[in-house]
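In structure tokens, the next block holds one chain alone, the form predicted on its own.
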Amino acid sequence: MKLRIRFSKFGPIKYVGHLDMMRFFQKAIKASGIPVKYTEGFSPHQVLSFAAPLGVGTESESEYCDLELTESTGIETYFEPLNREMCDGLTILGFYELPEKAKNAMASVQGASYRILFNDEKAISLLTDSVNTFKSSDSVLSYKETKTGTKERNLKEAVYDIYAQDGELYFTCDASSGGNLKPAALLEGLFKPYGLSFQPWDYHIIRTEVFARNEKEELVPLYDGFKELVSRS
């Protein structure tokens, strides 16, 4: 059986990197008693994968990891035991049963939505104008230095939806392995024309959802269409 776990991540735990998060979950899963499947060989490890690892310092309302299990009945009974193994800031939100041929969480990711809160008053005052300018432009270019030179990207092609509300920025963008857009790159594209640049403490990022694409090529949450075993209301 394949199991998809949905969880949230808030508070100081946002400063823990992906590899340490993976190690923490491996220990928590083992302690909770979930019948997780292990690889074979001299160094067996849990068959586990995460979807679109968060950048350090980013919080999230909806993260995902997939497990392969050795049993298929009574899995919902491990929901609360796993929650009890979570540290402050991590909350298990749901268990979902995946078909055997379903793609794993990482391979399924095609998009993500974000909410950005600003600590910079100038950014807040310019936000609505910058978003309107972005939406009306044919292209908004971003530049990234790579080993082979400078890479140019049109941010308009990577942003599917964007709006400002109450001094906060909301957007949905490409999060696929080949086109993942980092929020910092979008902020640069929005505010560079105004001569405004940011330090990490000038804003606060929350990822609100991670998406796959359904048969109609629509963006849907990674739990959409799968059997819900248990969730936190």
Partner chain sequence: MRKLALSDEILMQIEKSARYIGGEKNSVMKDKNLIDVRFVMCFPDLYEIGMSHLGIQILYDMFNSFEDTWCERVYSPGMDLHNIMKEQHIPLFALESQDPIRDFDFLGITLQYEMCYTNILQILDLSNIPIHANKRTWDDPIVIGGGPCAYNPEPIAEFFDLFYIGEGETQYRALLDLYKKDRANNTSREEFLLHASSIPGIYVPSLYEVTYKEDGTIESFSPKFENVPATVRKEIVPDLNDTYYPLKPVMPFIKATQDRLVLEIMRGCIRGCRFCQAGQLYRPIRERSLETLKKYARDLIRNTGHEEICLSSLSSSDYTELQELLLFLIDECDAKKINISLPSLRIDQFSLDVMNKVQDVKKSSLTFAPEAGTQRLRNVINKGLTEEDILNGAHLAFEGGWNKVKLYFMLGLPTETIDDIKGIGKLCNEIAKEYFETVPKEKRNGQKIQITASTSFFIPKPFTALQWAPMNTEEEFREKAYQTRLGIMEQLNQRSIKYNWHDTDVSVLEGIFARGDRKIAAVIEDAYKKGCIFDAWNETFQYDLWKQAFEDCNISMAFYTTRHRADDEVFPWDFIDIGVSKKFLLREWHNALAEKVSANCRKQCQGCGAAGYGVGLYCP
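Positions refer to the first chain, counted from 1. Remember, predicted model here, so these are calculated numbers, not experimental data.
The next section is about a form of this same protein that is not shown, the form predicted together with its partner chain.
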property: Its partner chain: the contacting residue among Ala107, Cys87, Leu141, Leu117 in the model of the complex [heavy atom, 4.5 Å]; result: Cys87
property: Residue among Gln26, Gln165, Ser197, Ser177 with a heavy atom within 4.5 Å of its partner chain in the model of the complex; result: Gln26
property: Option from 31 to 39, 61 to 69, 167 to 175, 184 to 192 whose residues, in the model of the complex, bring a heavy atom within 4.5 Å of its partner chain; result: 31 to 39
property: Contact test in the model of the complex: Pro53 vs its partner chain, heavy atoms, 4.5 Å; result: no
property: Any non-hydrogen atom of Gly225 within 4.5 angstroms of its partner chain in the model of the complex; result: no
property: Its partner chain contact at Gln46 in the model of the complex, heavy atom, 4.5 Å; result: yes
property: Contact label in the model of the complex: Asp20 to its partner chain, heavy atom within 4.5 Å; result: yes
property: Residues of 11 to 28 having any heavy atom within 4.5 Å of its partner chain in the model of the complex, listed in sequence order; result: Gly11, Pro12, Ile13, Lys14, Tyr15, Val16, Asp20, Arg23, Phe24, Gln26, Lys27
